[in-house]
Ligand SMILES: Cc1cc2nc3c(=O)[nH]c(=O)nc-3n(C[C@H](O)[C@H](O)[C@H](O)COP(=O)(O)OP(=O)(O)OC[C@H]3O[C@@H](n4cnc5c(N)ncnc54)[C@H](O)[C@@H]3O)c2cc1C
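Just one chain follows, in the form predicted on its own, and it is written as structure tokens.
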Amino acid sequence: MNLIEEVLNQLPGDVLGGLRKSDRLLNSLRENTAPIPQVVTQSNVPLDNIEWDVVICGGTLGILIGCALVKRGWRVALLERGVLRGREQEWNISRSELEVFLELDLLTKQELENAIATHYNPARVSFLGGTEVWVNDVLNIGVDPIYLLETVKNKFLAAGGKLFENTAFDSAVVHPNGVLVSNTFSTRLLLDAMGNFSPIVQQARQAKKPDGICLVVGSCAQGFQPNNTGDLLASFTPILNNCQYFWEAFPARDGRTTYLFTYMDLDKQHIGLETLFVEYLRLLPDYQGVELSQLQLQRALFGFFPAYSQQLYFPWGRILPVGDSSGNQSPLSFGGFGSMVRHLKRLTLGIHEALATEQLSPSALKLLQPYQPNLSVTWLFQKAMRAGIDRKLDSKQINSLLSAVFDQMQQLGEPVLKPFLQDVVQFSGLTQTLLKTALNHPLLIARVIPQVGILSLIDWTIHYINLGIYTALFKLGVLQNWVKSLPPTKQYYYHRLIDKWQFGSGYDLFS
């Protein structure tokens, strides 16, 4: 029995089998062999009767937006293929981002406090042989998914929402006046909250390969020395296996959670999840100063997260992807809970207006998935943090670059550093960081150009210019007061424009 079998066989269930199943899915994505689902069709015949305003497929995160919409008076049905229940592992987030649960009346202040399972300070960013930065109040809150989802589910049901558990999505027929879902549920609008591998998303993408991918493995375990600090981004090894390994660590309610993750392109020669898990087990003792024999694993964690440089738009009306289905996260983030929470208020208000004014065409719903240059500029960062199979980099190049960049951000202070660590890029902070890094480390910057490629640099420059334009337009605030005098249908379009500038400039959290 090898090490990974010995470790994972300690856990209940077929964890190793699940890991290998995920690897097969990863390989099918790399080889582009997965069949394209055909689950959405269209009909020119109107539906005779429409029972729901909104049907949501995917309950784990769909319940959040479902509850927010039902509280605004809409008839909402939520379909979940299993039983709606949160996972054991906490969701990490920053405290300020949780305020949206109070703003949307999803939780009371006491319920929000009850939902917080853990919190810690400070968190570290460190790189091999270089910078070590410590910050407070960034991704330092661990939310209890079981309590959160159960509380929101009960409010959803009390407000009139209907939950259909053990009810899997299998088809959608788009009619002129609504959507027939799984031949049973008729609705004005279908929200796809089924995640990156939603069959609707796969059909819309038509087998387009992701432009980048993040592999992540880890565990929650007991047996570590007491430690109420965390790591947001830590690297203590050079490039190995054509990968730069990054680590995260957080205190958890039942132990300590540690992750190993890496960015890569879709080249078939890159390692898979099982190999990465072997590396995790090999390096964990050095990372945390503990022997594997001292640890008692509570659970193993693994997955991969595809990212696309082009925004996804559905060709059909009356269907809108939300959360991970929309791909509405940066190539540096893992999406999931954090991405859904960040856009929860924007989506709730936008969908509310779309329903109220019947703006449910493809072009109208497209505005709820705006191009965001503050996310697009981060593609260059991901490329600078990964080692391609065909490019032989100095083994310390990525560590040296990141150490230099974070050193400059630390000198510029928390107004620059903290937004970036929460996956928020702003024009001012980005410009200051790039200028200081280029002036103080010109050779490092020069080495990055062949690594990322000149075409990527040109593409990045366009997004960078757009980031500046969006920032200026949002800060001028030219539309905010004028829009109030417009009729509701026109307000819908202008509100989406304001949202686009705000979120596209990175001023949704730090305005």
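Residue positions are given as counts along the sequence shown, with the first one as 1. Treat the numbers as computed from the prediction; the structure is a model and nothing was measured.
Note that the form predicted in complex with this ligand isn't included here; everything after this is about it.
Only one of 427, 263, 316, 334 comes within 4.5 Å of this ligand in the model of the complex through a heavy atom, and that residue is 334.
Checking 194, 398, 276, 320 for any heavy atom within 4.5 Å of this ligand in the model of the complex turns up a single hit: 194. Three-residue candidate spot 79, 91 and 216; every residue lies within 4.5 angstroms of this ligand in the model of the complex by at least one non-hydrogen atom. The chain is drawn here without this ligand; in the model of the complex, the stretch among 294-302, 108-116, 433-441, 408-416 whose residues come within 4.5 Å of it by any heavy atom is 294-302. Mapping the unseen interface onto this chain, residue 87 counts among the residues with a heavy atom inside 4.5 Å of this ligand in the model of the complex. Although the partner is absent here, residue 60 is a contact residue: one of its heavy atoms lies within 4.5 angstroms of this ligand in the model of the complex. Taking the partner from the other structure, this ligand in the model of the complex has no heavy atom within 4.5 Å of any heavy atom of residue 120. This ligand is not shown here, and in the model of the complex it never comes within 4.5 Å of any heavy atom of residue 348. Residues 167, 168, 169 of 167-192 are found to place at least one heavy atom within 4.5 Å of this ligand in the model of the complex.
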